[in-house]
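Okay, so here's just one chain, in structure tokens, the form predicted alone.
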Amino acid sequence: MDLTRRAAIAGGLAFSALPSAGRADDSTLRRVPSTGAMMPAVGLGSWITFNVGTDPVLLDSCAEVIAAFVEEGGGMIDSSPMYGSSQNTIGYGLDKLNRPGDVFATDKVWTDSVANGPDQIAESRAEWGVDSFDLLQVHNLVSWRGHLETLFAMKDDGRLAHVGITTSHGRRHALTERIMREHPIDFVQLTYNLADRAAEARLLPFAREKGIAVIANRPYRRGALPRRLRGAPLPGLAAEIGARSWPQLLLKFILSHPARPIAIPATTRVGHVRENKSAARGPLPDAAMRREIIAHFENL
């Protein structure tokens, strides 16, 4: 699919998803500042969960997750060559769905060899079964200078819509900020959740200042946060913002940051996809509520 048609589909999906009385800043949507592209605020990660090899039962289960994701509005699906067979799993699922247009295809380049970057990207496209990606990122800043040159050249040639970088586990924030300052990237992906808030100090406000879209990875700490909070009481304000569970509140906390991140929880369960997507609907916590959520969490 050519990038012009991709952009039209993404825009149409986003605006058709708005409620009749909705606004362009509806909580369910995110706008990419550099291009104006619109997409749902809750995407889909694939780390670990989609690394299922060739097991037909598990492949079909993952395809059902993707189907539910698309039914709930679609948006960003994020993967990487680092994630085992996850790219092939996504391709399998998209094939079963007859290649739905409402997917913002997002992947990474992850190799020490800059020269091998284009071949790796081509292999990733083949695994997904797409002609081009909506976003490619330099994964964990590996050989970032050379790979950014490759990605910016692809963007200049019309073969790529958006360029980004990623970091995780709170690492390399100083270098990430420097790249954000010195290079015209469209996206930065970083770890941000209720327990990991280091990005609040500088990266998130700087992204907002620079007009760089944010992707929040590890929103549940690979499931550790929901497990830790199982059975713990929700703060009283949860009902005010329509959060019926800790996973929904965890996502609402992320989505409510003024930098307006896109969250990419990974899951193997259709029910979790629907729960995750619903977290973006309805009110999000304001600044005072965010402080109350943090205090409640830290006192548990």
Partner chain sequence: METWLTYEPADFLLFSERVYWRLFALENAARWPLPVLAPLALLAALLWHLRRPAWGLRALAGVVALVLLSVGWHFVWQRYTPVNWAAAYAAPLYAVQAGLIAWSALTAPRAGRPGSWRAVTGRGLIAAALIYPLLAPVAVRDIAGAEVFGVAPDPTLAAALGVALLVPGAWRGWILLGIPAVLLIASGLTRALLAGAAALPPLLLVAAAVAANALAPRHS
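Here the structure is a predicted model, which is why all the values come from computation and not from measurement. Positions refer to the first chain, counted from 1.
The discussion below concerns the form predicted together with its partner chain, not included here.
Item checked: 4.5 Å heavy atom contact, Gly53 and its partner chain in the predicted complex -> Yes, Gly53 is a contact residue.
Notebook entry, point to check: So in the predicted complex, does any heavy atom of Ser34 sit within 4.5 Å of its partner chain?
Noted result: No, Ser34 sits far enough from its partner chain in the predicted complex that none of its heavy atoms falls within 4.5 Å.
Next item on the list: Determine whether any heavy atom of Leu237 comes within 4.5 Å of a heavy atom of its partner chain in the predicted complex, and answer yes or no.
Entry: Output for Leu237 is no: heavy atoms all beyond 4.5 Å of its partner chain.
Next item on the list: Tell me, yes or no, whether Arg159 is in contact with its partner chain in the predicted complex, where a contact means a heavy atom of each within 4.5 Å.
Entry: Output for Arg159 is no: heavy atoms all beyond 4.5 Å of its partner chain.
Notebook entry, point to check: Check Arg181, Tyr220 and Leu300: does every one of them have a heavy atom within 4.5 Å of its partner chain in the predicted complex?
Noted result: Spot residues vs its partner chain: no contact at all.
Next item on the list: Could you spot which one of Asn193, Ser85, Thr111, Ser132 gets a heavy atom to within 4.5 Å of its partner chain in the predicted complex?
Entry: Looking at the other structure, the residue within range turns out to be Ser85.
Note to self: Under a 4.5 angstroms heavy atom criterion, identify the one residue in Ala259, Val270, Ile241, Leu58 near its partner chain in the predicted complex.
What the structure shows: Contact with its partner chain in the predicted complex is made by Leu58 alone.
Margin query: Looking at heavy atoms inside 4.5 Å, which stretch does its partner chain contact in the predicted complex, given the options 114-122, 76-84, 93-101, 209-217?
Written below: Flagged stretch: 76-84.
Note to self: Heavy atom within 4.5 Å of its partner chain in the predicted complex: which residues of 153-179 meet that condition, in order?
What the structure shows: Result: His169, Arg171, Arg172.
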